[in-house]
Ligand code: AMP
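Encoded as structure tokens, the following chain is the form predicted alone, with no partner shown.
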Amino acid sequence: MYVCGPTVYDETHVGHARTYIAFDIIRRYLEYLGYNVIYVLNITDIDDKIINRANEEGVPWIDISSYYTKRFLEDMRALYIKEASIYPKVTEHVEDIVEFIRVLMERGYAYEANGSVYFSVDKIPDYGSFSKQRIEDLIAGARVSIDPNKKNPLDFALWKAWKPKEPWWKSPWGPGRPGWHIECVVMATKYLGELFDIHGGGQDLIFPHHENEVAIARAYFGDDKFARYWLHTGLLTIKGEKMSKSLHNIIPVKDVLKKYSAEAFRLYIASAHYRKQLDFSLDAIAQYERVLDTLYTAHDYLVSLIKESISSLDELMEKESISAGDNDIVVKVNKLKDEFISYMNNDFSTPKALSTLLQFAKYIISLASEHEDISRDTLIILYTEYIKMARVFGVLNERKPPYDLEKLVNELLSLILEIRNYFRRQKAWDIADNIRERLNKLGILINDTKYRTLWRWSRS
């Protein structure tokens, strides 16, 4: 898989997160099925936006790209997005890009003008068909910038000639830097080969970025190479409007994570099909905190039941098979698993697959509440399949107690001592002494004084 990564000049926002969470779920599902996924996510670390931001702040461009690359990767980790196999950066592949351009020029697909190199779209039959665009409409509309160096207004830069106050690299056409579209073709094929399985990105990249990637790849490799499948995530809107700085409606990921958990945010993103537009709402994420709580409740109940079934090492070593009474449970688990796979195999239908996971969680909760005896092997089957399914959505990563642990320990100990003192007043000395001995084994030493019972942690 190759997914178009960020241009690192600002904070990661929820629109970016929607795309990267969606592709993380797709990757996790392919791994769930047993595929070994090589996942490439590029970093565009030199671009007009980076240069403009650096000039605004009066700092070197490398400071901007380095800082926001670091912030992007921190946000990805915070969202439980698995690390990519490779994070190629444009600046680390300039020589590869220059050589790629040289070949395109030799074949007549590109031309030089005043130190810049442009791709000639006239050389590609049916240019615009990938994005279902009519060339006449593109030229008539204001979707391409006017550049007197271009032979055709739709031609696009493969190499941009150096301008004052801009970084530059050497090339046969003079100093400059790579254009946007060629970088992804070069990096994708360098690490995945000239024919690979999945190319992904946001819906807003279909034109011009992906249209131009396809044109470059056809010129360099031929018509039947490059990506087998193209997947595009739908827009994430705010009150029906596309996020933009001019509308002041961009929400950074870090702001969402101050209020809600990353796992609930992931479930919220999964609640819509990856190709569909999703209108973002902070309040809507709160619903998925409750869904997440149900998923964790099922997990915790299962863990508790498994611990109960393994009360000693001797018992652990015993061979225990699935009892006849558990057959219905195994049949139900297999049915849920088949349903989950069926939904995900249908163009990664995460809303329906998530509904199946929630059914699984509620089924586990009902078993724990109502089923008297479940064999250890059956519990292990339940746990294994449940965890594997949940991990596709990137949840159940940790179990943090929803309370202050130190405060809880003190309150529980106060309660235990209060109960012990009740038995002492009732002169039930055996019970009171047993509580004292059990606490001693836990490293808690009791001292009954004239006015109160004191306790401390043992130093040994």
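In case it trips you up, residue 1 is the first one in the sequence shown, and so on. Please read these numbers as outputs of a predicted model, since none were measured by experiment.
The same protein also has a form predicted together with this ligand, omitted here; what follows describes it.
Picking from 290 to 298, 114 to 122, 347 to 355, 196 to 204 the stretch near this ligand in the predicted bound form, with a 4.5 Å limit on heavy atoms, gives 196 to 204.
Shown alone here, Gly234 lies within 4.5 Å of this ligand in the predicted bound form, counting heavy atoms only. Residue contact check for Cys4: one or more of its heavy atoms lie within 4.5 Å of this ligand in the predicted bound form. In the predicted bound form, Met243 approaches this ligand with a heavy atom inside 4.5 Å.
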